[in-house]
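Starting off, we have a lone chain in the form predicted on its own, written out as structure tokens.
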Amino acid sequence: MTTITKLPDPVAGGSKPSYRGKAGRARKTGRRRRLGDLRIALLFILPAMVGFVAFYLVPTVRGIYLSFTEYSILGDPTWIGTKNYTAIFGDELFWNAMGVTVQYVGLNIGFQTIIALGLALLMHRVAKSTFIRGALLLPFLVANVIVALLWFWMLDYQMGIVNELISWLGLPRIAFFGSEQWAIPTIAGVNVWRHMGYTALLIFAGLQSIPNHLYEVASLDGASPTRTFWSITMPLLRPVLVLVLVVTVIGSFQVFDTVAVTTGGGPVNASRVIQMYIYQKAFGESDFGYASALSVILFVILALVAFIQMKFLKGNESDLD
């Protein structure tokens, strides 16, 4: 006689196969793997974080503290509250420096962006040679001080090759760095020459990300190159252009080395930009508290400018979506 053993019925409340053990082990393995990846990531990030804390975060916090003090290198900081900030708003040299800086930023950003955009379009459509594209970046690879000295000699009133050429053409010589009228435009032109290749490279990278089929469709529809540029290229290039504007505007507000090498802030105060004024207050007059307050105000201005650019130009959005 055969005996039949009835298996437990899962529906009737019998035992069910359990996978909790396997799932738990899988979760633990996943957590260990993520923890290991996090440790490796932190190991690679650590040198940059140490540099950021030591050279950016700590000086920033100390600078904000010093802006509320009266401090020279020969004594200890003395807390004076907001007196430095109150004095700044009545400082005519500060407002002059801000006006000069805004004039420089307008000239530098305007010409640099337009020229860089033109160069990027040429690299994208005409100049396919890697050598030519690399040559456009060469001025940016030269130290800014060397570039400033080079143009300072070339534009010298007496012996500069540019003024020699102007004189040979029968025109009056121009005091590029020695004239109140020409000082800031000349400094802006020098920095446009140096940075336009790098800016063009950033814009060129944005052009490379635009799908070619959009241009093919526009061509089939009979769109002219001008219409294609304004209807396809510019809208799709907006995020890159906003990034370029944010970076170049911040860099332009921080111009110092070109001014220090060429004009020193002169003639009179015609080229005394805000960074030069901060330097003179700190290291020329040993008024580090006042200079720190100027730096904090500049930091706030740059943060507001960057926020406004990103907010209203919609730099974090793309028309490709």
Partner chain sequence: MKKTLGAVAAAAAIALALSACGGSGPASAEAKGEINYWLWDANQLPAYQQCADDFTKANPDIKVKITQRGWDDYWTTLTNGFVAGTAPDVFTNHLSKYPEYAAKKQLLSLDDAVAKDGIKLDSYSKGLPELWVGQDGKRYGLPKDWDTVGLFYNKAMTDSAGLGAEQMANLDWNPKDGGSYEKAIAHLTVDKNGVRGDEAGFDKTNVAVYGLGLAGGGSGQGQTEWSFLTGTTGWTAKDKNPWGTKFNYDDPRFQDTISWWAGLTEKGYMPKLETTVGASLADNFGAGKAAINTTGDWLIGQYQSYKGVETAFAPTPKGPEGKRASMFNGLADSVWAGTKNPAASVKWVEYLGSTACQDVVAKKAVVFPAITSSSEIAAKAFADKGTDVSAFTTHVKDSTTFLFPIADKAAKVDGIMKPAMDAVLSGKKPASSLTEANDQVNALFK
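Residue numbers count along the first chain shown, from 1. Keep in mind it's a predicted model, so treat the numbers as computed, not measured.
Not pictured, yet referred to below: the form predicted in complex with its partner chain.
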Exercise for the section: Name the stretch: of 131-139, 196-204, 172-180, 118-126, exactly one has residues whose heavy atoms fall within 4.5 Å of its partner chain in the predicted bound form. Expected result: 172-180
Problem - Among the candidates N163, N144, T233, T113, the residue which, in the predicted bound form, approaches its partner chain to within 4.5 Å (heavy atoms) - result: N144
Handout entry: Partner contact for Y56 in the predicted bound form: its partner chain, 4.5 angstroms, heavy atom
Key = yes
Handout entry: is_contact(S72, its partner chain) in the predicted bound form, heavy atom dist at most 4.5 Å
Key = yes
Practice task
Answer yes if any heavy atom of F68 is within 4.5 Å of a heavy atom of its partner chain in the predicted bound form; otherwise answer no.
Solution key: no
Exercise for the section: Mark V296 yes when one of its heavy atoms lies within 4.5 Å of a heavy atom of its partner chain in the predicted bound form, and no otherwise. Expected result: no
Practice task
Let me know which residues along 139-166 have a heavy atom within 4.5 Å of its partner chain in the predicted bound form, or say none if there are none.
Solution key: N144, F152, D156, Y157, Q158, M159
